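In structure tokens, the next block holds one chain alone, the form predicted on its own.
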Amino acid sequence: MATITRVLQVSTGSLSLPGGNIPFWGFADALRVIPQLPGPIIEATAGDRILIFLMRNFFRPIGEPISILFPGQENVLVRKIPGGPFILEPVKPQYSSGKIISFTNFLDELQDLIIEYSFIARKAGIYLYESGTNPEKQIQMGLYGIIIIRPPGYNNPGHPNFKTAYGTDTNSFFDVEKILVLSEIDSVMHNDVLPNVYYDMLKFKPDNWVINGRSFPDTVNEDNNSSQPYGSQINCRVGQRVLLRIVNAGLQNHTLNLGGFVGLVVAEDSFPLKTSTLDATYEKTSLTLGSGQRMDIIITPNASGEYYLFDRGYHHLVNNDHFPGGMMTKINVSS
């Protein structure tokens, strides 16, 4: 099996929402530095080794300790490594914490500032990775991302697991796949948070609701055509099986209406509900996801048109108290 390697940094950034720009903290590919919400998707096949290097960001740091947790993954090994697996080109002197650092002491400072996480991707499913340091604050500030683990043979047209989320006999075959990561944002908190300063989460009061880091109507823009890279509009044809992989990365519960479709829930928290001996799949027209919960649901449109998937908490469908907005996206079904 392969080794999937990713190098991540944590960086400060600015989130563009209909109400204006809001500061956030996000994971970024180390070479890009620009943070995103949610963080970069990490994709592997069951049996692969996932190797993640968390590298300190010298130039846009959040100013406090960071770490990563991998809920649902077993036997995660963590170690500090001196210098890391990087080839560093000579750089001009840069500023860090108000002092000038040369290339030499840049390397000195780097010695203890790279952490390696490694684990075997044992089980197909969709998972979160998220901050493990002050998570009540750092996750809300944006430090979370998605890991997708595919079943073996997923890309092989001749394999029984081809285009399935969990393998043969799980009723998880699909034609179209869409990942929808739900969250909410308290703009007052995001503007007031200071590094290494306690924030009273009893004051938490969200005023923005997002899918993949965007509020409607930005949610229906294509990938890489908005402030955040992942769009959430679903495009399909009549009769196709559409797999919606819905993850609640926020702190609130959210109930999503499926736009009038009846969906088949095929997995919860990456546990398939159908096996070769038992079928516990069930149908729903709306889904309620608690904080941190994940669901895989398949819809099969039988008529062309435009349909809207939206949060049933109607106060979550506004931008600056104006409807429509917030946690809503569109399903385009062509004939």
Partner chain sequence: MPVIDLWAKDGYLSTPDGNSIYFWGFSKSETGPAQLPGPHIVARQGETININLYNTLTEPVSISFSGQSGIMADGQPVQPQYTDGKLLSFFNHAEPGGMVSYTFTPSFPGTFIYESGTNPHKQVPMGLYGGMVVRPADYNPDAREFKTAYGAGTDTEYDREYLLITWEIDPDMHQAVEEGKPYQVSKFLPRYWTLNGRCAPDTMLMDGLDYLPHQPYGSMIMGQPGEKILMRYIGAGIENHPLHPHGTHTRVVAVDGRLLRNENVDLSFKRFTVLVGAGQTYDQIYQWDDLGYTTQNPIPTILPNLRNMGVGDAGWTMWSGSPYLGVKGDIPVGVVSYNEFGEYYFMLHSHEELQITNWGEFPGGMMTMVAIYPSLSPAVGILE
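Residue numbers count along the first chain shown, from 1. Quick caveat: nothing in here was measured; it's all calculated off a predicted structure.
Missing here is the form predicted together with its partner chain; even so, the following discussion is about that form.
The contact with its partner chain in the predicted complex, taken as any heavy atom within 4.5 Å, belongs to T255 out of N155, T255, Q240, N221. Looking at its partner chain in the predicted complex, residues Y282, H315 and V318 each place a heavy atom within 4.5 Å of it. Residues of just one listed stretch (37-45, 60-68, 286-294, 24-32) have heavy atoms within 4.5 Å of its partner chain in the predicted complex: 286-294. In the predicted complex, its partner chain lies farther than 4.5 Å from every heavy atom of L8.
Its partner chain in the predicted complex is approached by K205, whose closest heavy atom lies within 4.5 angstroms of it. The closest heavy atom approach of N302 to its partner chain in the predicted complex falls within 4.5 Å.
Residue contact check for P160: none of its heavy atoms lie within 4.5 Å of its partner chain in the predicted complex.
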